[in-house]
Structure formats: structure tokens, C-alpha cells
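We begin with a single chain expressed as C-alpha cells, specifically the form predicted on its own.
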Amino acid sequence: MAFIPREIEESLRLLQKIPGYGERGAARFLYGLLKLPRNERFELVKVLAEAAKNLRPCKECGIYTDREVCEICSSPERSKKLLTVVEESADAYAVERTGKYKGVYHVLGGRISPLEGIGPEDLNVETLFERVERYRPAEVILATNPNAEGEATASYLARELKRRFPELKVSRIGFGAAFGTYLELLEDFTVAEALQNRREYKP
């Protein structure tokens, strides 16, 4: 429409390329940004540009980092005998905030969702099996979100892990939160409790 500035139209179009951002989400982000004081707008845009330029998935676990191998994977203080599988980097950061976890992560890059056409082949699943083969962890913790897609993903991974590695202990974190929530949105205490109260998965 002629009366809408080109910058707004282009910004909304590009923002909708972000997964999970529809027309309304894109509009909320853009107009919220424009309400900020001018200097804060530029500061945010600068930081986002730096993030887009410098951040990339760790070649080992998939978490977003500014180096080839993230600090967690390269730290001698982290045990590769405990491997927690999460959907996204944000979920790993949620666990990290608790300060209670000393293992490493594996980021799937999403979750199985047949309605969206997302299957195991679209996620970092084969690399998970390769890492389990390489490191032979004592336990793999499935920390996918407590919703239908997260449960389906955990169930699939548990079956495949037990089929390929029969002696491997596979557990599922125990959520005290309502079904349908997201790990990254939970309070640190709740995430810590979920890890503490994990149960062995029986696929």
C-alpha cells in the first residue's frame, strides 16, 4: 500500500522469515523497536548485526557460539559422560542458568512435527547417534519440551537410542510445569527440579 513506508513493508516481510514469526509477531517486534528511543534502537540493531555476523552453531553440539567449538564442549570441567538433548540453544541456556548441570548438550535444531513436515531427517539426529557412539556417555537425558511435539521427539529418540545402544541409560526430565509449556520460559528453579527429578525412559 502506497502510504506505508517501504522500510516498514520490507522489515515486516523479512521478520516473517524468522521461524514462529507470523504477521502479528513481526509487527509487534517492529513497532516495539520503533517505540524505543533513537539511540536504543541503533544499539539494538548494532548488537543484532554483530550476532548475525559472529554467532554460529558449535560444530560439536550445535549450540550457538562465537567460536568453532563452544566453551561448554571445550571445557575440561564438563563431563561428556552426561549428555542432555534439547530442541534449541535457548533450552540449553535455560539449563545453564541453573548452575547445576556439569555435562554437555546436543541441540536438535527443532522437534519432530508431522503437521509441519518436520521429521527426524530434518534434525541433528544422526549427529547425536555419532556422538553417543564416539563418547559412550553413561546417560543421555532427553530434555525436549513438555508438549505433544516434544514428547513425540523424546519417544522417537529413546527408541532409537535403546535399539542402537542397548546398555545406554536414557532418561526423561520430570516436569512440574503444565503440559504445553517451553523449557526456555520456565523459572531456573523449575528447570533444576526437572533435571533432578528425571526418570529412566522406558520406550
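Worth saying up front: this structure is predicted, and the values here are computed from it rather than measured. From 1 onward, residues are counted along the sequence shown. Whichever C-alpha set is largest while still superposing within 1.5 Å between the two forms counts as the rigid core.
Keep in mind that the form predicted in complex with a further copy of the same chain is missing from the display, and what follows is about it.
Peer 1: At 4.5 Å between heavy atoms, is Asp122 in contact with a further copy of the same chain in the model of the complex?
Peer 2: It does not: once a further copy of the same chain is placed as it appears in the model of the complex, Asp122 has no heavy atom within 4.5 Å of it.
Peer 1: When the contact criterion is heavy atoms within 4.5 Å, does Phe165 count as touching a further copy of the same chain in the model of the complex?
Peer 2: Because no heavy atom of Phe165 falls inside 4.5 Å of a further copy of the same chain in the model of the complex, the answer is no.
Peer 1: With a cut-off of 4.5 Å between heavy atoms, is Ile72 one of the residues that contacts a further copy of the same chain in the model of the complex?
Peer 2: Ile72: yes, in contact with a further copy of the same chain in the model of the complex.
Peer 1: Hey, in the model of the complex, does Glu139 get a heavy atom within 4.5 angstroms of a further copy of the same chain?
Peer 2: The answer is no: Glu139 has no heavy atom within 4.5 Å of a further copy of the same chain.
Peer 1: Go through 51-59, 166-174, 152-160, 131-139 and give me the stretch that gets within 4.5 Å of a further copy of the same chain in the model of the complex, heavy atoms only.
Peer 2: Looking at the partner contacts, the answer comes out as 51-59.
Peer 1: Can you tell me which bits of 82-119 touch a further copy of the same chain in the model of the complex, meaning any heavy atom within 4.5 Å?
Peer 2: Result: Glu88, Ala90, Tyr93, Glu96, Arg97, Lys102, Gly109.
Peer 1: Would you say whether Pro166 is displaced between this form and the one not shown, judging by a C-alpha shift of 2 Å or more on the superposed rigid core?
Peer 2: After core superposition, the displacement of the Pro166 C-alpha between this form and the one not shown stays below 2 Å, so no.
Peer 1: Superpose on the rigid core, then tell me if the C-alpha of Glu68 is displaced by 2 angstroms or more between this form and the one not shown.
Peer 2: It does not reach a 2 Å shift.
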